[in-house]
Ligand SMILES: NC(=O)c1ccc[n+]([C@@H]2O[C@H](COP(=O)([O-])OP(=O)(O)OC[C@H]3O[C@@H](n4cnc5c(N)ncnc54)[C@H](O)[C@@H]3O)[C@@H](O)[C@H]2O)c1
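One chain follows as structure tokens, the form predicted on its own.
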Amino acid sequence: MARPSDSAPRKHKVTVVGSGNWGTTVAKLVAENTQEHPDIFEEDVQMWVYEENVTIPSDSPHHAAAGDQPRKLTEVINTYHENVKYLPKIPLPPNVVANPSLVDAVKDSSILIFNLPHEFIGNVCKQIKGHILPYARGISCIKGVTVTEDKVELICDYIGETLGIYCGALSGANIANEIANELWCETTIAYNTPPCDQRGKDGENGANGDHYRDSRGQISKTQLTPVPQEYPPLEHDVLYKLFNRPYFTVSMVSDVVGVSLAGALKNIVALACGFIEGHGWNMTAKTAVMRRGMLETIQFCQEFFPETVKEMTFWESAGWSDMIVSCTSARNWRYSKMAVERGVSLQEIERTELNGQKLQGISTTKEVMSFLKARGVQDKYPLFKAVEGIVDGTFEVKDIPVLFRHQ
């Protein structure tokens, strides 16, 4: 008997919402896969581009044809198949279609891939609400969570609840430029297929319009519209085929909480490792901090999301791999190390080195500690607490070893 996907008369249309360095990289690899799987996906991949005028650099092979006059970025991408501003010198497949209209880019797409700075996601969701397919599904490539004294909200949950759809998450030890240059790495995609989208052996959908369980294991308030049976079933196998490349190995899991929170909390640990190295301690000291940081990360997830988090998730690329990269080479580590070496605050580093841009690790630390203090459990997280103290100037880097003597 043929599988449901073998005779599906409709194909999934894909849109990437975002066109920065990482967004364009994901559009590239996804477009390569839609070409290779024409039975599942429409070939063209829409990529929403915030329109701006660009001048093609003089060392670009396109400069002679384009000249020195500023041109619209979407026009440049669609003509020369290169994002000359955010991913220069990387050829894009011709089926990546840059679109300056957000609403038009998401129109009729059954798979929406969100890949833009987290501070813009609220406005983007407001703009496309009511303009997407009711049965669209999402994947968030945005690392981080929103934490207040009242709650921890995953970005994929925010997207799903705002738009009335289900949204999974992609996270891992991923560096956009390396992936764009097809240097091998791996990633983790967390997608807990809603019951209404699960197909039986007869090809029929599961519970029609069922309320799926949210990240806390509770019945969601969002009532989903099932993906029509005319489409290939939107489950792990289809998402694997959409994202996996010879240079980008995908591991599929169902633990959206573990993947999302590991990607956020590792930024606190990365600050700590930068402080350690800036103080003059070596790799063995950093590994001690990473170990303690992972313990507190897992503890946080198990304490506040006990119904859904899976400890094995932290052995995925989204867990240990991402933490190691973040604690040895990424920007939170780099600038916290610089602050200690120079004997200045992180806020001073933000001002002098980042032109006022903010380090995500600082905001994550403050938000997470505010959440823990509101529950009176901050002392159970000594490393997170110490990082907040170093940021605020109330704890000294040299005293970090004390934390390990009182476990």
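Quick caveat: nothing in here was measured; it's all calculated off a predicted structure. One-based numbering along the sequence shown. Definition used throughout: the rigid core is the maximal C-alpha set that superposes within 1.5 Å between two forms.
The same protein has a further form, the form predicted together with the ligand, not shown here; the description that follows concerns it.
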Practice task
Have a look at 338-346, 353-361, 28-36, 377-385 and name the one stretch with heavy atoms inside 4.5 Å of the ligand in the predicted complex.
Solution key: 353-361
Exercise for the section: Would you kindly say which of V76, C141, M290, A136 lies with a heavy atom within 4.5 Å of the ligand in the predicted complex? Expected result: C141
Fill in the blank from the handout: Assert contact residue (the ligand, in the predicted complex, non-hydrogen atom within 4.5 Å, options T297, N174, T188, S215) equals N174
Exercise for the section: Report whether the minimum heavy atom distance between T313 and the ligand in the predicted complex is within 4.5 Å. Expected result: no
Practice task
Mark P100 yes when one of its heavy atoms lies within 4.5 Å of a heavy atom of the ligand in the predicted complex, and no otherwise.
Solution key: no
Problem - in the predicted complex, Y86 touching the ligand (heavy atom, 4.5 Å) - result: yes
Handout entry: 4.5 Å heavy atom contact, W48 to the ligand in the predicted complex
Key = yes
Practice task
Identify whether the ligand in the predicted complex is within 4.5 Å of every residue in the set K11, V106 and Y231, based on non-hydrogen atoms.
Solution key: no
Exercise for the section: Select from 20-46 the residues with a non-hydrogen atom within 4.5 Å of the ligand in the predicted complex and write them out in sequence order. Expected result: G20, N21, W22, G23
Handout entry: Shift of T249 between this form and the one not shown at or above 2 Å (CA, core fit)
Key = no
Handout entry: Rigid-core frame, C-alpha of A330, shift of 2 angstroms or more between this form and the one not shown
Key = yes
Practice task
Indicate whether Q35 shows a C-alpha shift of 2 Å or more between this form and the one not shown, with the rigid core used for the fit.
Solution key: no
